[in-house]
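Single chain ahead, by itself, as structure tokens, in the form predicted alone.
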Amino acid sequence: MSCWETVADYGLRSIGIGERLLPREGYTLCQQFTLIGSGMIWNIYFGVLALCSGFFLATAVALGKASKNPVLRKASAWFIFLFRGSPLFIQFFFAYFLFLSLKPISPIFDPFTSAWLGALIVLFLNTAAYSGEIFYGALQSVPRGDIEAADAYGMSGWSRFKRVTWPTMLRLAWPAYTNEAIFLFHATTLVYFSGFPAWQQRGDALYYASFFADKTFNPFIPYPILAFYFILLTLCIISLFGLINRRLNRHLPQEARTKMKLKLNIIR
């Protein structure tokens, strides 16, 4: 089988298109690149949807923690503490068994035991908690002079938040939020190593990399391929978020613009 035939057969296997059976022999370099790349579809799916939906919940949580209402403030603080204080792997584990215990109650809970929805909810809540704390810190750092200037122009309430507070908060939080986005995409590799099963062996990139490592007894080929894909993905994230960062800081002098810095999360 040529490499092009391998790509045609296995390029979209992780989403159920192409060959149903995994390779049983040979395990060529092309097969490993193709199947691990196919699995990246799920990593991108989890990362993009969790990040986009978590952004709005994170904003709400940050506002809740900064609220004068004690109920909102305490609820937001405990939400952040719960998901930041427990390991993501354990969150996957308990979420799966929670959804599994709810499954006999009603058929509506059936999709929650699948990774495409159940794991996505966990990632959504986890990134919202981390991002909420980032946004809260940025919200507290909004210069008082900006608020006073908005008041002097007659802005108040929603108008002041939309035109002054929220853009400034985003500008201050964006470099740290970029690092959170990178970590989130890396964290998607935990999905199929927690409680959520891979249906019909349709897993993510790490799932296929582990498959080849087990079959060939040589982890020094599939895992570097996996790292290569994630490095490319990280470069794409940095480039995209860098463009947004420049957009957020376009009104500032060049020397006053916030620089993007990549900070790796060694332990979280």
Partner chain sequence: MKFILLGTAALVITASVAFAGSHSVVRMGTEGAYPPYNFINDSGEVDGFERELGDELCARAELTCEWVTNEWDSIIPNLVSGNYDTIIAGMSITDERDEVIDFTQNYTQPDPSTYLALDGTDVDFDGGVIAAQANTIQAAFIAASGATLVEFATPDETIAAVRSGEADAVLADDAYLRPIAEENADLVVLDKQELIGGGVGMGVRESDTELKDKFNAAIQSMKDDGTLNALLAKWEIGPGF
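As the structure is a prediction and not an experimental result, all values here were calculated from the model. Residue numbers count along the first chain shown, from 1.
The same protein also has a form predicted together with the partner chain, omitted here; what follows describes it.
Choose one stretch from 28 to 36, 214 to 222, 47 to 55, 66 to 74: the one whose residues place a heavy atom within 4.5 angstroms of the partner chain in the predicted bound form. Of the options given, it is 214 to 222.
L102: heavy atom within 4.5 Å of the partner chain in the predicted bound form? Residue-level check for L102: no, no contact with the partner chain.
For M155, is any heavy atom within 4.5 Å of the partner chain in the predicted bound form, or not? Looking in the predicted bound form, residue contacts with the partner chain do not include M155, since no heavy atom lies within 4.5 Å.
F193 versus the partner chain, in the predicted bound form: is there a non-hydrogen atom within 4.5 Å? Yes, F193 lies within 4.5 Å of the partner chain in the predicted bound form.
Applying a 4.5 Å heavy atom distance criterion, does Y96 contact the partner chain in the predicted bound form? So Y96 counts as contacting the partner chain.
The partner chain isn't shown here, but in the predicted bound form which of A150, L170, L125, A198 has a heavy atom within 4.5 Å of it? Only one option qualifies, and that one is A198.
Counting only non-hydrogen atoms and a 4.5 Å cut-off, give the residues of 2 to 29 close to the partner chain in the predicted bound form. In sequence order, R20, L21, R24, Y27 come within 4.5 Å of the partner.
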